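A lone chain, given as structure tokens: the form predicted on its own.
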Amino acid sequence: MSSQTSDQLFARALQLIPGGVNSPVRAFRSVGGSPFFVKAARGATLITADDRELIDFVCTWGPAIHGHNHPRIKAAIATALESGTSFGTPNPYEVEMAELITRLVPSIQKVRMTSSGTEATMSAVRLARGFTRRDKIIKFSGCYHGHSDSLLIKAGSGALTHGHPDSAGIPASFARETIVLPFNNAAALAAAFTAHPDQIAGVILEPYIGNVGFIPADPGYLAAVRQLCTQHGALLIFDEVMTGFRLALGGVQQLEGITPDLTTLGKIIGGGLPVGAFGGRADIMDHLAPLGPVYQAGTLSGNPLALSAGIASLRLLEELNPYARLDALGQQVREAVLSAAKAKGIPVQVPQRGSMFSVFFTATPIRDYDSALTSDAALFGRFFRACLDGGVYLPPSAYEAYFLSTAHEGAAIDRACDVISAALRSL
């Protein structure tokens, strides 16, 4: 591995990779400065190319619920590696993972593996359209479902307007089939169904949003969404790529007591390697090829190395049942932020469930995309830099979820709370 500094590596990357990064948020554009490069990670700690050790509140954007480089996951990958890296045929790990997922997430009767969360959500939407023989999809402002054309859409000027492309390269005709509504607003969803009778194939949402910062659903909201989908013959798709297995073994649907028709998964089910999945009712899933007319495929779907890591990660969660401990860690950080901000007179909102939370610099309660955007992004940038200077790595954006792992217990979480409190006092 290179012995160069982060600045040297970034200079090289800028010549060859657009923006010098392979995912835009990594570029630090919204928080200033240049990104650091990581050469190793263990537990709750990242080790940068500059030999700095940082307490990590990103956890590879969710997968590292057991911390980085967990020995059980490493051993599982090593064992799988002895037999090969990829076969292009069915393999035993696929069956074992399917059995685990369908047992732990009762709404999933059958499941199909993919290589990413984007593939999973794209495929679930196609399946919803093929099953219902309808074209329109409803999504919600602030919910990110990967970068496929049908889903990379933002809200128009009104709740019932069709979306507009959120990226160049997406035809307007694609966007017209996607209706974007405000989150936590059941009345807007009811009005959309009334305005488009028998046209809506499915409703896709993150049941707790993680991609404009962390935003839980209001009490009763998800039940209302479920009822409206059932009433109007549309499929309900829960995107639990972030929340699946992170907030409970059965995801948000377990916490809220809601049964979606389809669920998308990723992150934790790969144990740090690239994996996605979508699943749901057997009668819907049986519309997939080779049984049905909805085509979906992937050369590396069910990759043995990736699934071995994911199986080890899920089995650890079953054994440890760490969710109460993770929630206690989340509450500890939340209280530290609220206490330090109050002492400084800085208005903050800290929505938190289990090991996911966010810090919004605003006096406005956070319920949806619009309220999230009231957060002071410039102030967050200063907060981010102060935390990083103190040795704590937060998501490099004012509008992302933070993640914790079991490896944060003890000295790491205490040190992080001290750094975060000091950063707030410095603002």
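Given the structure is predicted, the values throughout are model-derived calculations rather than measurements. Numbers follow the displayed sequence, beginning with 1.
What comes next is about the form predicted in complex with a small molecule, which does not appear here.
Proximity to the small molecule in the predicted bound form, defined as a heavy atom within 4.5 Å, holds among Q349, S150, S116, S141 only for S116.
E400 is the sole member of D50, D370, D376, E400 with a non-hydrogen atom within 4.5 Å of the small molecule in the predicted bound form.
Mapping the unseen interface onto this chain, G146 counts among the residues with a heavy atom inside 4.5 Å of the small molecule in the predicted bound form.
In the predicted bound form, M242 approaches the small molecule with a heavy atom inside 4.5 Å.
Taking the partner from elsewhere, R246 is found to have every heavy atom lying beyond 4.5 Å of the small molecule in the predicted bound form.
Proximity of F37 to the small molecule in the predicted bound form falls outside the 4.5 Å heavy atom cutoff. Judged by heavy atoms within 4.5 Å of the small molecule in the predicted bound form, the contact stretch among the candidates 300 to 308, 249 to 257, 117 to 125, 218 to 226 is 117 to 125.
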